[in-house]
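First, one chain by itself in structure tokens, the form predicted on its own.
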Amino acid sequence: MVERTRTRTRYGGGRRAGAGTRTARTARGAVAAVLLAAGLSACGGDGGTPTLSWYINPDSGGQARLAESCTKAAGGRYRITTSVLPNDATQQREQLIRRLAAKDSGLDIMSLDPVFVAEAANAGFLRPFKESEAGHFTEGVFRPAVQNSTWEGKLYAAPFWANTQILWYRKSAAQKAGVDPTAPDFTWDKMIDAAARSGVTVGVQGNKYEGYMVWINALVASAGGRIISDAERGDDARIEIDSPAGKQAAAVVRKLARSKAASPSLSNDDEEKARSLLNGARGGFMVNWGYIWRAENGDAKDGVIDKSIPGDLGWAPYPRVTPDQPSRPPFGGIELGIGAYGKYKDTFAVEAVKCITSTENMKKYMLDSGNPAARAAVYDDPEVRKEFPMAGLIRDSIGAAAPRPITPYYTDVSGATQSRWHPPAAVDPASTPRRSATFIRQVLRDQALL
């Protein structure tokens, strides 16, 4: 890493010295953080049992139950309380970053979307794990989860649960279309052609939000490319989306968006709209996260969808872009970071994170919430395999997954990419990758605004 890239701002990470500055925007962020800090107070430390505050993403209550379990295991030495962050990942980031920028000592543990770990680490907001600690959090853990938890060679977060997308499909629709989605050479082209020919749909996330970036990145990676590389170089990172892989990804987006297999509302579709499409009269194929199995069975039980749908639901690896190259499905999940300013950052917080991310608790959380574990061994457990018949596929897919760009400026990269690739029907392989590469560079150097 070049020394000039180490310059850090107070809010949102570093830039290389001499690059385009964000003085005004950084100042506004710092002021907002200071104002917010005036209303904050640290939890615990006022006598009695030490209290750790764990800020969690919304789930079905599984993280709160783990907090209770690990509190009990602590035997009175400390207790863990939970506070729920907003539903939207971007809003979660904004709330956490502002509190961390204000050096809030009441933020002990936080559940982080993987794409935000590098930003918080680069800004000095997270406590790095020591070498003597890191092995506990990485042994037997999926490589993409470790990659997303690491910045500049140090582990800044503990993988908690991992996630990936697979291909979900209606068995009856695949049979009608005359295709086998589990075939090793099943591609996006074959799926789109078969769906259009047989009058069924292909569900994806095409709205202008992070879910769309997930799709674009997976397509580029599956074609053998990357959106950016050398992220440590700050705004001198290599922009690689204008490549043969970028053009192949754009061709897939364009083909689906302009086909009869596309959702009528593709440019506004998120995960749940895609699921609704699969459950509809023309439902055929869909790429989506692992939560689908629990959601479909729960809705069938509650009468929200027809009770026959779960029995007609099949699963297969993420479709390939080219027949001879394995796909690189998306990577997601949650990593646990320890705040850099907490009173117990070197003691109870580390111990608590060890408890929460133990193999046994990962299994417990997967069975409780349906969110896949970050350790491969969990997927061999008989209880897990009984509850999730596609456990082996999810395990293999997480292992093959491609992380989104690991950079402190991920929000800029994602926003710039989405803006030039949306709406899907307007994507052009001849121009969209080039236009997005130019815009990403301009945004990183503050020559353009999102």
Partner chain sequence: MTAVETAPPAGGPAGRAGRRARAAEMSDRGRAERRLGLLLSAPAVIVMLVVTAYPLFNALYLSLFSYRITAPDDRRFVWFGNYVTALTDGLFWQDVFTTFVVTAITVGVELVIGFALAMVMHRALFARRTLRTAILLPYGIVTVISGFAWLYAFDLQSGFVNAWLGLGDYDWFGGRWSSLFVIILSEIWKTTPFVSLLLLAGLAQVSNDLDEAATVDGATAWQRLWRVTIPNMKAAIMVAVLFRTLDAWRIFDNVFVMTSGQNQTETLSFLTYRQTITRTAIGLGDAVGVLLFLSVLLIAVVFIKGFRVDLSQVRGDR
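Residue numbers count along the first chain shown, from 1. Values in this document were obtained by computation on a predicted structure and should not be read as measured data.
Quick note: we don't show the form predicted together with its partner chain, though the next part is all about it.
Subject >> Site check N207, P264 and K273: each within 4.5 Å of its partner chain in the predicted complex by heavy atom >> reply: The answer is yes: all three residues contact the partner (heavy atom, 4.5 Å cut-off).
Subject >> Contact residue in the predicted complex, from P58, G399, P423, G392 (heavy atom within 4.5 Å of its partner chain) >> reply: Contact with its partner chain in the predicted complex is made by P423 alone.
Subject >> Candidate from T322, T90, N297, S83 lying within 4.5 Å of its partner chain in the predicted complex - any heavy atom >> reply: The option sitting close enough to the partner is T90.
Subject >> Residue stretch of 372-380, 329-337, 304-312, 119-127 approaching its partner chain in the predicted complex, non-hydrogen atom distance within 4.5 Å >> reply: Contact criterion met by 119-127 only.
Subject >> Non-hydrogen atom contact N268 with its partner chain in the predicted complex at 4.5 angstroms >> reply: Contact with its partner chain, yes.
Subject >> A101: touches its partner chain in the predicted complex, heavy atom cutoff 4.5 angstroms >> reply: Yes, contact at 4.5 Å.
Original post:
For T411, is any heavy atom within 4.5 Å of its partner chain in the predicted complex, or not?
Top reply: Because a heavy atom of T411 falls inside 4.5 Å of its partner chain in the predicted complex, the answer is yes.
Original post:
Might D180 be said to contact its partner chain in the predicted complex, defining contact as any heavy atom within 4.5 Å?
Top reply: D180: no, not in contact with its partner chain in the predicted complex.
**OP:** Go through 418-450 residue by residue and record those having a heavy atom within 4.5 Å of its partner chain in the predicted complex; state none if no residue qualifies.
**Re:** H422, P423, V443, L444, D446, Q447, A448, L449, L450, in sequence order.
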